[in-house]
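This document starts with one chain, in the form predicted on its own, laid out as structure tokens.
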Amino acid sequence: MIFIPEIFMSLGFLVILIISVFLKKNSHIIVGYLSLILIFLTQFFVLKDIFLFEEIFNSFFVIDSFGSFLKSIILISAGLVIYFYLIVKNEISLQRPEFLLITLIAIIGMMLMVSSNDLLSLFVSLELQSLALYILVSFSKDDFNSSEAGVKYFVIGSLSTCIFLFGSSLIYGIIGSTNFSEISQFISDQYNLPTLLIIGLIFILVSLSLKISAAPFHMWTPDVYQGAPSIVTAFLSTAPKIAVFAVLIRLLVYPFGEIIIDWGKIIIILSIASMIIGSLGALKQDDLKRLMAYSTINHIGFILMALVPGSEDGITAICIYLIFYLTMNLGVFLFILNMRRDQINVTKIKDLSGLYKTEPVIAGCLAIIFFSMAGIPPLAGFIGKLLVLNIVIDNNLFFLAIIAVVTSVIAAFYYIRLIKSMFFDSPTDELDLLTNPQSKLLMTLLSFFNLTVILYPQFFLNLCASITLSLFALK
């Protein structure tokens, strides 16, 4: 019998919600540890059925190894962010159990998104995740920037919802169904596809592009990343991106796999725009969180390249890149969460000046992570980019590979600028010493992972190749 992890997660959430009502002192800490236990138990149920395949709830959802694997990655990233929340000093407005409960709702939405096998179930799951994220972004009610970021994110998210629904209605109007299997069957039976079907798919792609911050639909990202509480930005830059990529892959490879010529051109445009805007936009940033926003846009462009061929190797490369991207991003945001001067959070790039003199270990760990983000060999980021470039070149998309290399060189400049600031600039005002041993240990482990991946890359290749088989078995 398959025990559906999302149902277990939802029941666990309700139990924690009831318990939180009776907690008085340190309620957010207790709820935080209960949430970690729930995530750990849910992870067990996800991995238990990782090699099973079954369509459930009248084919509205599907359980397969691809979905289970990415759900596992989402749970790991969410669990790490919640652990960050517990070990760092948060502002008073975030020290409430509601913050963690809303985070759990977002995680449930993401897990449902990954398993969606119908446009209707996908829409409901997407909205469950989005509504929770709107609240998290604006959770710091005493901070004007957080409120402003929440409003911007809500407006753009609402626009994305409308676009998604319009695209879905066009597809339903043509096919008479929103189920992925029936869409795939309809497209296979047609010699000439209706133009409205392609337009409907374009609308859905635009909506999902807004969710993953792909240019030119990235306009909300820098402001929201900067305005939201840092712990929320850490969450926003990892787990939701993985969930939406899972949706993009499942949607394009299975139901719309027959029209790769049409959607492949759109993905190429999104990829090129994201890499160019992401690399150039970061050059003049003076805030570390805004710089990370443009860095995310650049990485999104790189990942989208591997989706263009729609091949099994391309999806494998995406899964590997997402794992490496997760470790790099969380490493940087863990440091940002601990960036303080006189017990006040700071996020300016100039605040990194002379970090090596006071925190040599942390500076070394950050340097490794930044070099990895820049794609310097033999670090994890280099391996991820090399795999994607190999896929692109094997499919004769040489112009895409050239743009990727050029934008990577530009991006390397602003990562190396950060390293230069840490090691060679004189500090104006030194940051507070990082006295949090858990943060130091986690940063060391994340940087060590990025440093040692070169020793066992075949493990990730075999793992990710095996989980993508379930997607292509349907075709």
Partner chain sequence: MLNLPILPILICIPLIGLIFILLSSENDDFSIQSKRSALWTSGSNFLLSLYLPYNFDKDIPHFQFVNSFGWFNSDNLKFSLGVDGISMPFIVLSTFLILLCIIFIYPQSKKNMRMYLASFILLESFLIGTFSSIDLFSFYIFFESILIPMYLIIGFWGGERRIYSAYKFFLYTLLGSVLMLIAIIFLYQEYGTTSIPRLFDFSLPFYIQIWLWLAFFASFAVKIPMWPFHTWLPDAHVEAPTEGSVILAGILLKLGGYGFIRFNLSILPDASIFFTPFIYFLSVIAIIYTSLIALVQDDMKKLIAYSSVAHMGFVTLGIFSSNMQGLHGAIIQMVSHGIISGALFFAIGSIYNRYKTKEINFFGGLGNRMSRFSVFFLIFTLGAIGFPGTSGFVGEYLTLMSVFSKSTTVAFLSATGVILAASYMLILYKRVFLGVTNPNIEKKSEKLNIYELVTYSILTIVIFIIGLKPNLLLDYTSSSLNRIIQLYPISIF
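Residue numbers count along the first chain shown, from 1. Predicted model only: the values in this text are computed from it and were never measured.
Only in words, not in the display: the form predicted in complex with its partner chain, which the text now covers.
Of the candidate stretches 43 to 51, 407 to 415, 60 to 68, 439 to 447, only 407 to 415 contains residues with a heavy atom within 4.5 Å of its partner chain in the predicted complex. Each of N390, I419 and L461 comes within 4.5 Å of its partner chain in the predicted complex, counting any heavy atom.
Out of the listed residues L288, I383, V332, I249, I383 is the one that sits within 4.5 Å of its partner chain in the predicted complex by at least one heavy atom. Residue F371 is the only one of F371, W220, F99, F245 with a heavy atom lying within 4.5 Å of its partner chain in the predicted complex. Heavy atoms of I272 never reach within 4.5 Å of its partner chain in the predicted complex, leaving it off the interface. For the chain shown alone, L11 is not a contact residue for its partner chain in the predicted complex, no non-hydrogen atom being within 4.5 angstroms. Although the partner is absent here, V206 is not a contact residue: none of its heavy atoms lies within 4.5 angstroms of its partner chain in the predicted complex. Looking at D425, you'd find a heavy atom of it within 4.5 angstroms of its partner chain in the predicted complex. Taking its partner chain as it sits in the predicted complex, the stretch 135 to 158 never comes within 4.5 angstroms of it through any non-hydrogen atom.
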